[in-house]
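One protein chain, two forms: both are listed below as structure tokens, the first as structure 1 and the second as structure 2.
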Structure 1
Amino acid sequence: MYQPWTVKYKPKSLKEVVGNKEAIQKFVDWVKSWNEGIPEKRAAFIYGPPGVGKTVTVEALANDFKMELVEKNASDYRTEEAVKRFAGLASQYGSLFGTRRIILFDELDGLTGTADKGGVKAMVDVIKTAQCPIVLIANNAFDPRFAVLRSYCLLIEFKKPSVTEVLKHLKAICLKEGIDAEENALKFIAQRSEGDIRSAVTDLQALAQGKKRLTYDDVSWLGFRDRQENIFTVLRMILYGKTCDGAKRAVNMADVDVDMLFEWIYENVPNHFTDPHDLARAMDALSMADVYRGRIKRTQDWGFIRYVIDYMTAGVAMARVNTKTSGWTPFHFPERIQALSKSKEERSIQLEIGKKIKRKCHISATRASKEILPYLRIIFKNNVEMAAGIAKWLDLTPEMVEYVAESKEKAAAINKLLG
């Protein structure tokens, strides 16, 4: 049975938590201060970006200190009554087993906005009289709604771990999994995670699980996807969506183009729709989306894009009727994209062309290959004389000309003009 590595290798002790050593020590000192009596600040407010270890730190501390952890997601306790029912009594009395207690309100961001029915105010009241440590966790502690709450809390900021710290964690996982991983491959994953440890571990599992060796070529194609929003989160919203609007909103959250998102959905639908009738409906929706993609390419009428999005998101989500969720099913990177991007020779020549554009246009080679090269391809396919002039200006080799033109015949015509 599959098990997420984020769960399998979740820190059980504070010494296993990645990064934020100073913040963790500040938290530990505050908890220890309860041994000498109730401190001035009866609550700690831990804040920072997602995936940097805020929640696991509290859980690991409770485990190290043999404390009873009473943990709830604060977004489920928006009303004054619900907060006091959960935390009011728990903060006043000890554990049934004689151990010390620590109360955790996770994802406090969920209490903000119009959905909050007195939850923040109730939390302040609970903190004022708490007889045990209370921990609050949010991404942003400086939301205006938390202004009063902050004054009663010890603020502890968690920052993104360094690439070196994330890399060390990935190496430890590979060692335990018996995977011989190239250091530059793991470093690439660590850099792409941008300090989000959960994302780094999730990427590592998707790329390396079941393998004995992980090379840079196995991971370098990750550059084909941008990760403003974790693509796995977007896929989950679509494949497990309950409403059409929810599934369609996922497109706006993904910083990948529609064609790339289509590939992700197409690759993963068969593994997540186990009922044959559900799968047939989902693939039918994807086929209709592909029909409209074809019309866009033929007619250049981008008005059809709304039909592509509707079918590939809402159409797929609503196809899920009889499929039951059982265990954890991993998401897989699109094999068609992976196969294309694994060509080392292609990446090398693309980079060299990018460098030549860089010298003339004073932009990065990466940006040049991403933004300028597609336009060059159009010119090289449709205007041989202009292509020859550009090739001469950029000092492109015959191999580079053929790569841009994507046709030996076109390349031969251009190179002939170059003499």
Structure 2
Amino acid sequence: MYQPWTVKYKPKSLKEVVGNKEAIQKFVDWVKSWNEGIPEKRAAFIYGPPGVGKTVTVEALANDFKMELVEKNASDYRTEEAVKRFAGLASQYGSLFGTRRIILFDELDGLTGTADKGGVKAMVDVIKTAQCPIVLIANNAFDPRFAVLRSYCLLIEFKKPSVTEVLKHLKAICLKEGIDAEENALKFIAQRSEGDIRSAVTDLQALAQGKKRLTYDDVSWLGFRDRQENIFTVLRMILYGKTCDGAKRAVNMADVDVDMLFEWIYENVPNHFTDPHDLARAMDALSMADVYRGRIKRTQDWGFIRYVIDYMTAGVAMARVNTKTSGWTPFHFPERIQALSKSKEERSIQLEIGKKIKRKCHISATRASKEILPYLRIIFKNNVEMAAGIAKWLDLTPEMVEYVAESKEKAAAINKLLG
């Protein structure tokens, strides 16, 4: 019978859990402290990347300490009511059969937006009055949604285990399965997993099950798992792609959406295409990708997204003809994204001033902020009296005066005249 090795070789005891010794000790100490009465923090929040053993640890602990584990997944506590149903369970330390109880809310990341808002709030209420240990698990504890929740929890971070630790685990499995594995074959798998033990074990099973021997050649062809690669890897695949397919595949690996990926590419192309012809070709490809974005907007036909992707990935990759790929050029965060929030604010005050001008000058607010505001800036810089007169005439607020004057001192002088 087929059984996933991730289940078959799941640690039954804390001793078998790979890595994170300190975090596990912290967790154990906290659970033990319940024996001396209710601790300050009635919940523990375990967080860390996928596949590093968070859930496994809780399960192993329950097993070691002979506790009753009540486990709930994201889908079970979408609403306030659903969470409150556990309130009863949480209000008693022991269960009917005398064993002690531990309540686990797993996959908290799965809570989505507003629909689950009540759920998080209800969870806080449950924790406040809990009579038994409650454990929360998520990849990212610092999601703003968990801000309140966090303050009631003991935070425990689980880190990626080292390659050596993963390797040890894989070796142990091979031994039990009677597989003679080359050390560097297992090392390859361990490295590629980037600390995700679950995926390492899954890979090992896919490659080695039923074999007597596992060699490096058996594993080296291993294709890319559709893991969400970090953005730099994705950018490298696109900006230095040799084939259209390779560049296009990068999109599926990015953990950002297409628009954000576009921004990353758009920001970084100039630094990585130094030859003028290559640069012009790459920017032209981005321009065409943008044309297709415009077509999507106009037609609302999202089918065109494939051409956006073609141009922004393969189009950019194929632009490289002359630029050598030597040396290491760093990647930059899209500056536009940072600037955008600021300029939004600026645009809004510009528009407010524009509206004031519009009332007096028979010109649209949009045009006023472009055509008249620049002159006001000059006047406000040079002539405090005239500025005050105009500010009064236009009925500008002190904030607007400060924005136009572009200097706190000048604005103060003008506002003083205004009284």
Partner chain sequence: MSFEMWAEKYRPKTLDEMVNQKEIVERLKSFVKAKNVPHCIFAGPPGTGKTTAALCLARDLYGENYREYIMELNASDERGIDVVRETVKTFARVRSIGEVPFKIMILDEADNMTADAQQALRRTMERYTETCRFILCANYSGKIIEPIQSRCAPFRFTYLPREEHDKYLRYIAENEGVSLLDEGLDAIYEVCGGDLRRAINTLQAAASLSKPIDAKVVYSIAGRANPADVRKMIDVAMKGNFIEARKQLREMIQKYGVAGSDIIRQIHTEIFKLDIPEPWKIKLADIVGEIDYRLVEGADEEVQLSALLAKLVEAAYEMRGSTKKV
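What we label the rigid core is the largest C-alpha set whose atoms superpose within 1.5 Å from one form to the other. Residue numbering: sequential along structure 1, first residue numbered 1. This structure is a prediction, so every number in the text was calculated from the model and none was measured.
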Original post:
Do you reckon the form predicted on its own is 1 or 2?
Top reply: 1
Original post:
Core-aligned, does Tyr403 move its Cα 2 Å or more between structure 1 and structure 2?
Top reply: yes
Original post:
Just checking, between structure 1 and structure 2 and with the core aligned, does Asp301 shift 2 Å or more at the CA?
Top reply: yes
Subject >> Core-superposed C-alpha of Ile390 shifting 2 Å or more between structure 1 and structure 2 >> reply: yes
Original post:
Once the two forms are fitted on their rigid core, how many angstrom does the CA of Ser287 move between structure 1 and structure 2?
Top reply: 33.7
